[in-house]
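Listed next as structure tokens is one chain, alone, in the form predicted alone.
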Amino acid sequence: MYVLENGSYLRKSGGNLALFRDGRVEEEIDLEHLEQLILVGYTSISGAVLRMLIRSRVETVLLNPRGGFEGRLSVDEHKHVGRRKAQYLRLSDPGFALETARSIVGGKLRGQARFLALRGKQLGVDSLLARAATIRAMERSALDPAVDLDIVRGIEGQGTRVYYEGFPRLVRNPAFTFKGRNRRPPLDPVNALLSFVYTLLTSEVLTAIKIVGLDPYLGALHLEDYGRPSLACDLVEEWRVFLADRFVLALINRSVLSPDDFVYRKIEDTDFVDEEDLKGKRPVEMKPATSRALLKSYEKWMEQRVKPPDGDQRLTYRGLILEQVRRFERYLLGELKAYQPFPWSQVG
């Protein structure tokens, strides 16, 4: 159950919860069948509701207005122990980790190839079609049972390089150019936008992982590293092209943004100690007003709804991410034989 509207609040109503908006009861929520309550943005609950949620052991999650994770009402973690135990055991199995990484990389390459092929046909650019075919061949290689995890990682890197080699042909606004993917720090506006939106998207996946109750720091494709949410880095791969790249390209190609929306600096020393040091050494970054406008557009983008192939209801992009993380959880628990990245090709 999501409570989304700013100003909404929940009160006790007998054995149920009453959802108020503008001083009126909008909905009665049956507490007996409520397993999870997600409060988004400037929503609130009464003290009586808080005690009911605790007594009924309802998992309650607080998200900020942008959907970022802020906290969880910690009754106890009895549900999460089983999930995390399964995650630690299964992802510590080299064979299981390899199959998981193979599936993640296969989904990423499939998405890249499909996007390049679609744009290649729409724009009449043969080089995009050729790169799509190359990436499809790499996908087949990644799915070969004979390859090990290091090779799978290498194929993922090669496929990504081929994809970004085609990216300049996707930028149709002559005011912008893209001469290759660069980051930490990004060297041009297109790369700055990509890095910014990738960060937002990874935060979305991280939030979904925390909501579900998995450990975001143990994945399969990305190695363990201090402070790196490896599982979030794994599960964001299937969303990059269709949620991040399409969004950035739409802003550029529809001239929503211009080069004047960015600040440029001549940086000679590009070494940095930490993120704080990096802030002052970025060759290019969005102006504050541009960042605010982009976040507003991003929120609208993430609230778009599509009907998943195996569902009856239309879900927001944010809802799709949460459902996919739940699917990954079922895979870890052994309820699904394989993890399938989201099938964008089956969305109408």
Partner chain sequence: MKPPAEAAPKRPAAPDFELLFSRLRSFIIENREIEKCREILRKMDVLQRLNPEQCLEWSRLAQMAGEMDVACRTLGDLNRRHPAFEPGWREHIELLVLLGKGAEAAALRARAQGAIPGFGQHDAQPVHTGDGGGDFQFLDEPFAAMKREERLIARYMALFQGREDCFARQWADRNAGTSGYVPVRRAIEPADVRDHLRGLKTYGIYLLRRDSRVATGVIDADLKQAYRTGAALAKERSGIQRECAYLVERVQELGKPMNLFALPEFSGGKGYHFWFFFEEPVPARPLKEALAALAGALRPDLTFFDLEVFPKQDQLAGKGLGNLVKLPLGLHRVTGKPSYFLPKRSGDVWQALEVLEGAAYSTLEKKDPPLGKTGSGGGVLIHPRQGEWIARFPELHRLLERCPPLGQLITACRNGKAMGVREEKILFATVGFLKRGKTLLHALLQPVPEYNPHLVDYKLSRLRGTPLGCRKIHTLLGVALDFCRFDSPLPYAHPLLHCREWMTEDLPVAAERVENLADALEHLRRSLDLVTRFLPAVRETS
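Because the structure is a prediction, the values reported are computed rather than measured. Residue numbers count along the first chain shown, from 1.
One more form of this protein, predicted in complex with its partner chain, exists but is not displayed; see below.
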Check for me: heavy atom within 4.5 Å of its partner chain in the predicted bound form, for each of Ala133, Lys296 and Lys300, yes or no. yes
Determine whether any heavy atom of Asp261 comes within 4.5 Å of a heavy atom of its partner chain in the predicted bound form, and answer yes or no. yes
In the predicted bound form, is there a heavy atom of its partner chain that lies within 4.5 Å of any heavy atom of Val306, even though the partner is absent here? yes
Close approach of Lys121 to its partner chain in the predicted bound form, 4.5 Å, heavy atom: yes
Does the 4.5 Å heavy atom contact test between Gln158 and its partner chain in the predicted bound form come out positive? yes
Choose one stretch from 99-107, 244-252, 216-224, 195-203: the one whose residues place a heavy atom within 4.5 angstroms of its partner chain in the predicted bound form. 244-252
Between the options Leu170, Ile211, Cys233, Met138, which residue brings a heavy atom to within 4.5 Å of its partner chain in the predicted bound form? Met138
Between Arg114, Lys179, Arg72, Lys85, only one gets a heavy atom within 4.5 angstroms of its partner chain in the predicted bound form; which residue is that? Arg114
